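So this first bit is one chain, no partners, the form predicted alone, shown in structure tokens.
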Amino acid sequence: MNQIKATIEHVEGTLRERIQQRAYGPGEQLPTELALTAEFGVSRATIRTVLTRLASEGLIIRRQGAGTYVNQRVGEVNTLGGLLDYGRLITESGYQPTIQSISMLQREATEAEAELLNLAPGEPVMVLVRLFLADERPFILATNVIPQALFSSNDDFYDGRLPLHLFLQQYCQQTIAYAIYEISPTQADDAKTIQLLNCPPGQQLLQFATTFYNQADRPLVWGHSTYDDSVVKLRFMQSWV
């Protein structure tokens, strides 16, 4: 069963990468199920499972009797395997993304963090604070809390400019499988947010509270992000398949 799951993940990852890198462009027809079966050396059921996953995210459109096509609006599907990807959101909105590492420190988990990350009270965590910019204009202030036990080595340097999924792969050998988001309105009411997002006091913002999990349903990261949607609009696509 694990081998079948790994095969599905491999095929899905390959097709997703081709779509994101425009090897299959918006509106372009994908190879047939039989062609994909032959290319990857897998069963037709595996290919159908992968295509169903991609269709559920809105990345592809399956037309009865006409084949499977990359969604013409694929640039508006701001996801990475179903995850909101800030860097891609910036790029697809026509801006140049930059990630600035504000701070990175180790401390004990708070009671709330320990509960969210399934940790014992007081276990050490790494806290990353980063600022996302679009064409040098700040618009997301993100704080991520990662259990220290996940880190595979005690490196002297961690590159806080890496996107979160790459940071976890490089330093923790962990892959994000899914995330649960809670979105709520907030205001710029503290000096740090006002300074780093360069916004006036009281400005309306969005706040994302997010827990990221791996395939074993283990929580990897808990974080919260403050988002200024006056810089880049947040757009989601929901696919009905």
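In case it trips you up, residue 1 is the first one in the sequence shown, and so on. Between two forms, the rigid core is the largest collection of C-alphas that superpose within 1.5 Å. Everything numeric here is computed off the predicted structure, so don't read it as measured data.
This next part talks about the form predicted in complex with the DNA, which is not shown.
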request  = Tell me the stretch among 206-214, 47-55, 170-178, 190-198 that has any heavy atom within 4.5 angstroms of the DNA in the predicted bound form.
outcome  = 47-55
message = in the predicted bound form, does each of 87, 118 and 143 have a heavy atom within 4.5 Å of the DNA?
response = no
inquiry  = Test of understanding: in the predicted bound form, would residue 185 fall inside 4.5 Å of the DNA by heavy atoms?
reply    = no
key: 4.5 Å heavy atom contact, residue 66 and the DNA in the predicted bound form   = yes
Partner contact for residue 27 in the predicted bound form: the DNA, 4.5 angstroms, heavy atom = no
query = Quick one: does residue 202 come within 4.5 Å of the DNA in the predicted bound form, counting heavy atoms only?
reply = no
inquiry  = Quick check: residue 193 between this form and the one not shown - does its CA shift reach 2 Å or more after fitting the rigid core?
reply    = no
request  = Classify residue 215 as shifted (yes) or not shifted (no) between this form and the one not shown, where shifted means its C-alpha moves by 2 Å or more with the rigid core superposed.
outcome  = no
